[in-house]
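Below, in C-alpha cells: the form predicted alone, a single chain.
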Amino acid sequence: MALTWETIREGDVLPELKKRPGVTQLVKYAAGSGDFNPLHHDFQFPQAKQLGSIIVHGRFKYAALGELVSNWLGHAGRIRKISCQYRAMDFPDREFVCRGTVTRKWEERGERLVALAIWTESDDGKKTTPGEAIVALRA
C-alpha cells in the first residue's frame, strides 16, 4: 500500500531495516567515503585490539537510517532533514536494526510535514545511533 498523508498517524512504526556489514563491506565503504580510519578495518590497530574488534563507521549507520526513511517514504515525498548522534559502537558481522516511529504530523506554509524518531539498535537491543528526520509529503 502506498504511503499517503491520510494514512499516516502519530505512533506509526516504520518497517525495520536490518544490516549486518562484514569487514569487506566496511572496507568498500571506507573507499567510497574516504574514511580510512584503521579502527574500521585493521584488527591490529591498537584501539581495535583494546576493543576486541574493529567498529562500523558512524556514517555507515547514518546512511542506513537514511535508507530506512527513504524506503518508508518511497516516492510519496522527500527527506527534508535527517540527523543522528553516535552514542555506542556496532561491530562487523553482527546485526544491527534500523527502526523508526512517526512522532508528529502537521502542515506548515503549504507543506505536509512528518517528524520521525529514528535509531539503530545493536544485536543486544541497545540504541546506538538515535536520530530524527523530517519528511515533506507530496500534495
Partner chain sequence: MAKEFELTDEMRKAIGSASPPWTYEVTTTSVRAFARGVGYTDPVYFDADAAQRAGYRSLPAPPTYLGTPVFLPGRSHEIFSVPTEGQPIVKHGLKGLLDGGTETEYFADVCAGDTLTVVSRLVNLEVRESKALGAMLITTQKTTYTNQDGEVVAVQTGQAIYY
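No experiment lies behind these values; they were computed from the predicted model shown. Numbering follows the first chain given and starts at 1.
The same protein also exists as the form predicted in complex with its partner chain; that form is not shown, yet it is the one meant from here on.
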(request) May I ask whether 39, 63 and 70 each come within 4.5 Å of its partner chain in the model of the complex, counting any non-hydrogen atom? (result) yes
(message) Whether residue 101 contacts its partner chain in the model of the complex should be assessed with a 4.5 Å heavy atom distance threshold; does it?
(response) no
(message) Contact with its partner chain in the model of the complex for residue 91, defined as at least one heavy atom pair within 4.5 Å: yes or no?
(response) no
(message) Please tell me whether any heavy atom belonging to residue 78 falls inside 4.5 Å of a heavy atom of its partner chain, as the geometry stands in the model of the complex.
(response) yes
(message) Can you tell me whether residue 59 touches its partner chain? I mean in the model of the complex, with a 4.5 angstroms heavy atom cut-off.
(response) yes
(message) Using a 4.5 Å cut-off on any heavy atom, which residues of 11-43 would contact its partner chain in the model of the complex?
(response) 19, 25, 28, 29, 32, 33, 34, 35, 36, 37, 38, 39
